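Take a look at this one chain, the form predicted on its own, written out in C-alpha cells.
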C-alpha cells in the first residue's frame, strides 16, 4: 500500500438496506414506514434528519436506538448489528418523559440507576448527575419537580439524563417540537454548545429546515410513501454558529436545496 494512501475510518453507524414495516390497526394491512434506506454516519458528527410527517424520520432513529425491529436490512454500530437498546446509545424524546414525582437531580440519576456503573456508589451517581445538571444550565434547580419548570427547562433535564450515562451516540427525536419558537432557537444554541464540549455522534430528527441546517454537519432529507432518503447534504458552515449564521448566503442556499427536495 502506498504510504500516502489515506484509510478512511469505518462509519460509527451503518444503516444497510433498512426497511421498517408496521401492521395497520383492524387488519387493514401494513404500512411501509422506511424503505431500503442506506446511510453511513461518521463518529463525532452531528446529523439532522428532516422531512414531512410520515416520512419515517422517527422510525429510522428508533431503529438505530434498537427500539424498532426492521422488517429487513440492519443497523450496525461500531460494526456490530443492533438488535436491542444498548448503553452506547441514549434517546431524548419530544415529550420529555420525566417522572413527575422525581426532582430534577433524581430524574437525571434515573438512567445511571438503571445502568449502575461498576464501582459507583449512590453518592457517586448523585455527583455525576449534578455535573450534568450544571452542564445544561440548571444549577440551582436540582430539587425542583418537573411541574415547576418551563418546557425548555424540562427538555434540558431530558438531555442531561441522556448525557449522564455517557453514551457514544445521542439520538434526539424532535426534542424541541413542543417549544415556542424563541425557546426552540435558544435550546438549539444550547445543545450545540453542549455538543461542542464532547462531540458525541448525534442524530436529531426535526421538521424545521432552519433548525436542521443550523445544527448539522450533515442533513438527511427524507420523503414519504414510502419513507426514503432523497438527498444527503454536507453542511459547510463555520462553528460555533450564531443567529447571524442563518442570514448568510450559504445558509440561504442550503435552505433552497432542502425545499427543492421536499
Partner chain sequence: MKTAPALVGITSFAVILLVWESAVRFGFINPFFVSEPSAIALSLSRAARSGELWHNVTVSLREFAIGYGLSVVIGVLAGALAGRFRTVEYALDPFLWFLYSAPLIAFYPIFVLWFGLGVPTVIAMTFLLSVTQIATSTLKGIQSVNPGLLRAARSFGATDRDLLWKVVLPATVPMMTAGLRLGIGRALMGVVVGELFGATAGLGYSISYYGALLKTTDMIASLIVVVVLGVLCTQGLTAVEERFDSWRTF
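Residue numbers count along the first chain shown, from 1. What you are looking at is a predicted structure, and each value in this text was computed from that prediction instead of being measured.
Not pictured, yet referred to below: the form predicted in complex with the partner chain.
Of the candidates 76, 184, 89, 128, 89 is the one whose heavy atoms come within 4.5 Å of the partner chain in the model of the complex; the others do not.
A heavy atom within 4.5 Å of the partner chain in the model of the complex is found for one listed residue only; from 105, 179, 98, 135, this is 98. Here the chain stands by itself, but in the model of the complex one stretch of 189-197, 61-69, 47-55, 214-222, 61-69, has heavy atoms within 4.5 Å of the partner chain.
Taking the partner from the other structure, the partner chain in the model of the complex has no heavy atom within 4.5 Å of any heavy atom of residue 141.
Heavy atoms of residue 165 reach within 4.5 Å of the partner chain in the model of the complex, making it an interface residue. None of the heavy atoms of residue 152 is located within 4.5 Å of the partner chain in the model of the complex. Contact annotation: residue 113 falls within 4.5 Å of the partner chain in the model of the complex, judged by heavy atom distances. Proximity of 85, 147 and 161 to the partner chain in the model of the complex is complete: all three residues have a non-hydrogen atom within 4.5 angstroms.
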